[in-house]
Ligand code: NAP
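Encoded as structure tokens, the following chain is the form predicted alone, with no partner shown.
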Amino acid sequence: MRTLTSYLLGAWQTAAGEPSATLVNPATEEALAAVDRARDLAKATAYGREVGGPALRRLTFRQRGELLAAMSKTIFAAREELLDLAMASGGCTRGDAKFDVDGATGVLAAYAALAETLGESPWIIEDEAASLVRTSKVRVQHVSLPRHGLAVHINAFNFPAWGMIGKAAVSILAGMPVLSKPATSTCLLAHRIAEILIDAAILPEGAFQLLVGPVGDLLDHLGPQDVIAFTGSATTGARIRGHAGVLANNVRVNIEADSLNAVVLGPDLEQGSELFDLAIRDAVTEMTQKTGQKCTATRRILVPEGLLETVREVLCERLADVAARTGDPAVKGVKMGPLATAQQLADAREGIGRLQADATIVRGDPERADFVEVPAGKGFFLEPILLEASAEAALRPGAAFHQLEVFGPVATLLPYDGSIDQAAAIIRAGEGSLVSTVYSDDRAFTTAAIAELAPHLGRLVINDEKNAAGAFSPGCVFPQGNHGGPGRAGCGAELGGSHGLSLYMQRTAIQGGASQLARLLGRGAAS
């Protein structure tokens, strides 16, 4: 069995001794690899800043975009191998594996295209030069430049390809070197992608490092020009934010954490319409894609009281079909695989028990043990679980479904009176989410939804009958749109096209004479 080591200081490290973990196939529990413990993290952080940073900053945005395009093509060339590895190491169906791997190449391609619009300048001019005093020729202009530090990316287990590469694409385009720390349980895929990119020698020396295994004392070595971008639980995010060194050095921190995402079925929705079919299809997808292990998965489904029985019946029928085809993702016809680890399964079952204090299971058995082509007692499987709360419980802010994200194929039906005011009150009880979706053709309802819901979300999806045929499932994260959210979701922001670069850049006001700014800054400087 191979041992995965870190890529630090420009080389793959030798194994340190006793492995920190053993990775297993979550469907069969077969051992796949051991994971090493890294050393010399103080040297690795300095190496990234002192070698990788200057190398990237010497390149223009267009040149850095060319690196991203080359990375995208290189990963795509290994697509079949990576899909097979995602299925074995992450419990993914082939469709789930594509969602992760193709998402990685897609975000690279998107930011490579963005680089073309930024051109050959070493900085971004953010606005026109503004006069300080009407009678003076002194102007001020805002410019964004890459920070002179290291971007530390701490990624979640559910998207080892997209999570690692999505963060890296934005950071590299902005001009900051990366030290990527994938979640240990699924790091086999991230490690293989890193191997492929390093073998291809695309990036400048020091621009990318990979840390597998425990994070160790990494945070002790970060300074005021460094950036941490974390995806994972709110508990771990709070520990990172509260780390003594992070606080003392005012390290910039971006957190994407728990999210109780919701959908709102509008009061005008009717069974038999294309929009109704879309809402049901999306609900099933968001509950079962990646076995519900997505930060953007739907956890709360708001249904007008008069439509509740119909939605419950149709949704249960669709979920039963997925449940009947849950099992080993390597088997043809399987629709949903296992959770990623034994701990994830234990946590999900415990969470379902907590949800039952305020809601009732209407479909699914959390203790089911027989799955397609899986030996008895093997694998970390959970069939889709749908719960339902009363109208009274739905309005209770302290209810478990407003406080706890069960990271698996689990969602709760919440009846409401059909008003946007009550829908907003229910969604606000989740205290901030990555995404919510409204399905309605009532323009007054959707207009009010924007005003009442958007301040509590990172992204709001509006679907109507006209666009139902071409709509994307709301859990799809595209590089052009913001990914992050307020409150419980971590108050972070990633991607969002050019907005994503701001995490890795410093906005500075440059003040001087009008003609001087025009000469120094070039495009956008007013005389």
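A residue's number is simply how far along the shown sequence it sits, counting from 1. Because the structure is predicted, anything quoted here is derived from the model rather than measured.
Quick note: we don't show the form predicted in complex with the named molecule, though the next part is all about it.
Visitor: State the residue from Ile240, Ile196, Leu395, Val140 whose non-hydrogen atoms include one within 4.5 Å of the named molecule in the model of the complex.
Guide: Result of the distance check: Ile240.
Visitor: Since exactly one of Glu286, Glu256, Asp226, Asp96 fits, which has a heavy atom within 4.5 Å of the named molecule in the model of the complex?
Guide: It is Glu256.
Visitor: Please name which of the stretches 382 to 390, 104 to 112, 405 to 413, 129 to 137 has residues with heavy atoms lying within 4.5 Å of the named molecule in the model of the complex.
Guide: Single hit among the candidates: 405 to 413.
Visitor: Given that the partner is absent here, does Pro182 sit within 4.5 Å of the named molecule in the model of the complex, heavy atoms only?
Guide: The answer is yes: Pro182 has a heavy atom within 4.5 Å of the named molecule.
Visitor: Taking heavy atoms only, is Thr446 within 4.5 angstroms of the named molecule in the model of the complex?
Guide: It does not: once the named molecule is placed as it appears in the model of the complex, Thr446 has no heavy atom within 4.5 Å of it.
Visitor: With a cut-off of 4.5 Å between heavy atoms, is Gly213 one of the residues that contacts the named molecule in the model of the complex?
Guide: Yes, Gly213 is a contact residue.
Visitor: Just to confirm, Gly232 within 4.5 Å of the named molecule in the model of the complex by heavy atoms?
Guide: Heavy-atom contact with the named molecule at 4.5 Å: present for Gly232.
Visitor: Within 4.5 Å of the named molecule in the model of the complex, counting any non-hydrogen atom, which residues from 328 to 355 show up?
Guide: The stretch 328 to 355, when checked against the named molecule in the model of the complex, contributes only Gln344 at the 4.5 Å heavy-atom cut-off.
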